[in-house]
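The chain that follows stands alone, in the form predicted alone, written as structure tokens.
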């Protein structure tokens, strides 16, 4: 979106070295930017850190927020509108015990920490140690003190710990069809079906470690019914959750039927209708 190209985002370097002026293109499609290469290919793929290409011209107009002083000082965090809404819908309170099951890179986690005024505790879990390092950097930059990190596959939490949480954030891996900007995608329906099963596994663990009456937000940045309403329906039918109507409803209703009218209380965001990322949010309460 106009930012410099970092080494982590480079897939291939073609016939260029440090100091060359280069074009930047996605795997398929025309170039989206032009800039100055700052590292040789060997450095880019060996270190996987630092700026690979300093962007001089881009088809996008978004400024590079992460290079601004106010960003480095922790005065802002770049996050999508639906993700911000999610934190408010959960209504975290100072002193509560909150779990984020797929926390990194940490936008929702750090937002909830601020809504709790740095009081209480947030256990932020992720199975990727590298992504947790990014979250740790954000925690330090923002001056947050009530987040504890755990490098674990959250599906194992109930098997290894006797924990109970007031509130849970479940934003699992998904097909990410709502991401913007997106030039193309190669997702097939089988991937959506497979991920929905993984999401249900996380839900099963959540049902065991949330307190009776506790609240859980389930969200994805994708659009298929399989990964959204169908997963929520399973949680309600099999795991003792009940959909709650959020106090703030800045989105379209979830896809529902006469058999499952409560699914209308889910929130859907559509890029072509609301100018946001494609997104899905549900607020659930643990009943039994």
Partner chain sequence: MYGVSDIYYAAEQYDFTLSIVEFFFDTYGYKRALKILHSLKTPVEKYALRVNTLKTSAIEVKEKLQAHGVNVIIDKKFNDIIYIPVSGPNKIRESNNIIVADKFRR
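These figures come from a predicted structure and were not determined experimentally. Here, rigid core means the biggest group of C-alpha atoms that superpose within 1.5 Å across both forms. Numbering follows the first chain given and starts at 1.
Same protein, other form: the form predicted in complex with its partner chain, not shown, and the subject of what follows.
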* Report whether all of 3, 55 and 77 sit within 4.5 Å of its partner chain in the predicted bound form, measuring from non-hydrogen atoms. => yes
* residue 236, heavy atom within 4.5 angstroms of its partner chain in the predicted bound form -> no
* To do: Determine whether any heavy atom of residue 88 comes within 4.5 Å of a heavy atom of its partner chain in the predicted bound form, and answer yes or no.
  => yes
* Is residue 214 close enough to its partner chain in the predicted bound form to count, meaning some heavy atom within 4.5 Å? -> no
* Answer yes if any heavy atom of residue 264 is within 4.5 Å of a heavy atom of its partner chain in the predicted bound form; otherwise answer no. => no
* Check each of 93, 155, 179, 127 and return the one that places a heavy atom within 4.5 angstroms of its partner chain in the predicted bound form. => 179
* Enumerate the residues of 55 to 69 that have a non-hydrogen atom within 4.5 Å of its partner chain in the predicted bound form, in sequence order, or give none. => 55, 57, 58, 59, 60, 61, 62, 63, 65, 66, 67, 68
* Once you line up the core, how about residue 273: does its CA shift reach 2 Å between this form and the one not shown? -> no
